[in-house]
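Coming up is one lone chain in structure tokens, specifically the form predicted on its own.
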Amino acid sequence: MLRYVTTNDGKLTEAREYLGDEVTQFDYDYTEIQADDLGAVAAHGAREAYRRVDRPVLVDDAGLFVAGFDGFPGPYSSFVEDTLGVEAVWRLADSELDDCRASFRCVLAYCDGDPFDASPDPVDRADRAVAAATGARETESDGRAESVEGANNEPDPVKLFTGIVRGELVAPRGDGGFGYDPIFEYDGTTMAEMDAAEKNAVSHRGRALEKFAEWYAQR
């Protein structure tokens, strides 16, 4: 059974559209490191969650990337939402940018403790390069990275899957969704104006899940 590490029931519902009953929810508050790359954040969380449950796990990290702000808020989207608020992000973009192009991005990180076969896909090679970043294995006692006597300090292998949906920032519209959905417009409609089925059909997480499900079926 695959554990999806999330407290968001909506994410689990979306994951089951691609993975069926093979996936279940795992409520675990892993350490969210500060990094400029979604893959690094998700990979760290997947390794930590796998060591906690000792079962295959899936962790996601997502963000809003605004082209005119060089990708900001990106991996810091949750912090910016909590501190500034979604409408403040729109006001800043509206006042400072002529071009409000943006994208939602999601990275799924999978870990089951076993190595992965190499793939000729160049995107896959790039994913593996990100996931292969070295680091000390953490102990279970306090989560701090430290060397463990007699243990293998190589990081557990992690496989990454990325989904992207491109659109633009607009004045808030719609009552659905969550986070930045009201200010992100895709093909003339904000994510907050879409029902769940419409949103899932184009969402960044759905696109990442589709890639993962295809790979996982052969795992």
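The term rigid core refers to the most C-alpha atoms you can superpose between the two forms while keeping them within 1.5 Å. For clarity, every value in this text was computed on a predicted model and none was experimentally measured. We number the residues from 1 along the sequence you see.
In what follows, reference is made to the form predicted in complex with a small molecule, a form of this protein that is not presented.
Within 4.5 Å of the small molecule in the model of the complex, a heavy atom is found for none of Trp90, Glu168 and Thr189. Shown alone here, Asp112 lies farther than 4.5 Å from the small molecule in the model of the complex, counting heavy atoms only. Although the partner is absent here, Gly174 lies well away from the small molecule in the model of the complex, with no heavy atom inside 4.5 Å. Tyr180 belongs to the set of residues with a heavy atom inside 4.5 Å of the small molecule in the model of the complex. Residue contact with the small molecule in the model of the complex: Glu32 places a heavy atom within 4.5 Å of it. When you look in the model of the complex, the only residue of Val66, Leu160, Ala49, Ala62 with a non-hydrogen atom within 4.5 Å of the small molecule is Ala62.
After superposing the rigid core, the C-alpha of Glu210 moves by less than 2 Å between this form and the one not shown.
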